[in-house]
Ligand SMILES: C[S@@+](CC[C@H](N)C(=O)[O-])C[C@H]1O[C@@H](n2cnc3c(N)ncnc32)[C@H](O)[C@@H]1O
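Quick setup: one chain, the form predicted on its own, written in structure tokens, and binding and motion questions come after.
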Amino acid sequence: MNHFTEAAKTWDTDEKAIRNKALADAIKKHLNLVQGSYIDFGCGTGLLSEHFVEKANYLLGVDTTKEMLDAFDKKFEKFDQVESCDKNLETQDFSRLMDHIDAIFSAMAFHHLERPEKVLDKLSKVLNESGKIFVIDLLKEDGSFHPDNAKMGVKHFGFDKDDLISWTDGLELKLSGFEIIFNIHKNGRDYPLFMGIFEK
């Protein structure tokens, strides 16, 4: 069973809501859009998306766990401009009709990817020329953040700036920003979250 299948039932907590509000605020500092088209990659139940839906003329939540997407769909059922998509971008591509996206954001999903650079490439192909990709994840850590890395599908113990720069090799993308935006306190210590900003 996918770890997130069971986790979806109790995913939305006050702690995660506070965190995602902070992450959304960090993203918004780099967006100058009155209205925009967005993709939330690894959207989960939509805790990050809910901070963008009011200014979205289109918002697509992408995840690989049906139960997460069910919760996402229920959360945004009154918004006609919101859709969800069950897609694994490590093995699948977006539709050829998908393009002209203004901003793509992803929080705490890239450490679950075998090859982050491969997914980044696919995301970049649907981005408009002035669009941005925001990747938020753990700064490189010692593997202690998750209680069971194998069970929880962890492929990387976070990343550093050089990792993100290496992802752009051969891509029509550059890393235009890298900053620490939040700290998660657990196990008696802080785990910093970074935000990497990619542009064409």
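For every residue, the number given is its place in the sequence shown, counted from 1. Nothing here was measured: the structure is a model prediction, and the numbers come from that model.
Keep in mind the form predicted in complex with the ligand is missing from the figure; the text below concerns it.
Note that among 167-175, 127-135, 44-52, 27-35, the stretch whose heavy atoms approach the ligand to within 4.5 Å in the predicted bound form is 44-52.
The candidate site formed by Lys87, Met108 and Leu113 is fully in contact with the ligand in the predicted bound form, as each residue has a non-hydrogen atom within 4.5 angstroms of it.
Interface membership of Met68, defined by any non-hydrogen atom within 4.5 Å of the ligand in the predicted bound form, is confirmed.
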